[in-house]
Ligand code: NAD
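First, one chain by itself: the form predicted on its own, in structure tokens.
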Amino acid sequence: MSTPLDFSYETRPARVVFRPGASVSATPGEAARLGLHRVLVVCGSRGEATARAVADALGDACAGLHAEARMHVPVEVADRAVEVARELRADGCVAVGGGSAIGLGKAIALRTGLPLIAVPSTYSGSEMTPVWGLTEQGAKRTGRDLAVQPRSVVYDPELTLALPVPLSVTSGINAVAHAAEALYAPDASPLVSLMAEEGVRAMTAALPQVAAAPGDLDARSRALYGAWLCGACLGATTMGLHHKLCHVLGGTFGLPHAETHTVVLPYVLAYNASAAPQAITALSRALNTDDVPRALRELAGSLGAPRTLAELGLKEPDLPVAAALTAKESYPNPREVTANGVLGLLTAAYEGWEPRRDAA
């Protein structure tokens, strides 16, 4: 006998513009639509040239460019950006770049209430969520606040043409992680599940083509489309063990964000598989496989992504510390989270063992 449908789904106001060249051609119009006249453009050092082009397109509507975004949004970096926004009397913010830039834009929005426009250049998905994160004294705090949800998202696949293949792959698997956890989230819904499965299918089909031909705009467009869907899943549901574990590894041990998601995801899915059969079934369809953890690990590895936490700089004595920190937090997950269970998962990911269901 099937289980009756029982779910809630809340839509959030957001506008998406998706087309090649939109970063320059559409961003000024999006700022005008929001009634903004003095926007602060924020980015990281690596994306400054792209952000400068967006700032130039904004013309007199740009109050300044702040290129100090850093991974995991250290609180002192956020403090400085808020100062700059206030000094320039900015009435809005445009974040150009990956998760670090958009995260900094969100920090500004959280503190000031300024509307945010996101112009993503990676597949992180942060632009589709009301989730913010700040790192202070080695600990990453996250929260949800509609004030940080970008009012407008400008997707320009041309911006991703310069994204190096290794980062394209890990950023793409990071997006897949959003969809995977949305499939077993306590607040999942049929619509989110459809977006999640399609997002995983689109992203994992596009990544090999992106790796083979980084300048293929069609492949880049389909990867960015997949990232949009996966990001929307992240924004609509509550994440579980995978995201909490990656926050610990990134915030406390300084591991790189997308690469950490890429290494950890197959092992978390193996850990949760027995408690989330419907999610695994959906992922099996999207990946056309009967072994989801192994297929994801092989896909990432075949495209040159790191396979172990040791490669990312984690040390063996860090494993029990990370396991204890992860287990003491409270968050929903389909399978009970214990320090021993997480330690087994982390050990497998550290050594690069084959991810096996319930091995942890």
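Start at 1 with the first residue shown and count on from there. Everything quoted here is computed from the prediction, not taken from an experiment.
The same protein also exists as the form predicted in complex with the ligand; that form is not shown, yet it is the one meant from here on.
Visitor: Which pick from V84, V165, A205, V131 sits with a heavy atom within 4.5 Å of the ligand in the predicted bound form?
Guide: Contact with the ligand in the predicted bound form is made by V131 alone.
Visitor: Only one of G98, G226, P266, G251 has a non-hydrogen atom within 4.5 angstroms of the ligand in the predicted bound form; which is it?
Guide: Flagged contact: G98.
Visitor: At 4.5 Å between heavy atoms, only one of the stretches 267-275, 283-291, 185-193, 114-122 reaches the ligand in the predicted bound form; which one is it?
Guide: Within 4.5 Å of the partner lies stretch 114-122.
Visitor: Since the partner isn't included here, can you check whether the ligand sits close to all of V16, R33 and R151 in the predicted bound form (heavy atom within 4.5 Å for each)?
Guide: Not one of the three qualifies.
Visitor: If you check in the predicted bound form, is T260 within 4.5 Å of the ligand, heavy atoms only?
Guide: No, T260 stays farther than 4.5 Å from the ligand in the predicted bound form.
Visitor: Does any part of R307 reach within 4.5 Å of the ligand in the predicted bound form? Heavy atoms only, please.
Guide: R307: no contact with the ligand in the predicted bound form.
Visitor: Can you tell me whether K140 touches the ligand? I mean in the predicted bound form, with a 4.5 angstroms heavy atom cut-off.
Guide: Because a heavy atom of K140 falls inside 4.5 Å of the ligand in the predicted bound form, the answer is yes.
Visitor: Answer with yes or no whether L234 is in contact with the ligand in the predicted bound form, where contact means some heavy atom within 4.5 Å.
Guide: So L234 counts as contacting the ligand.
Visitor: Residue by residue through 59-86, which ones have a non-hydrogen atom no more than 4.5 angstroms from the ligand in the predicted bound form?
Guide: The stretch touches the partner through M71, H72.
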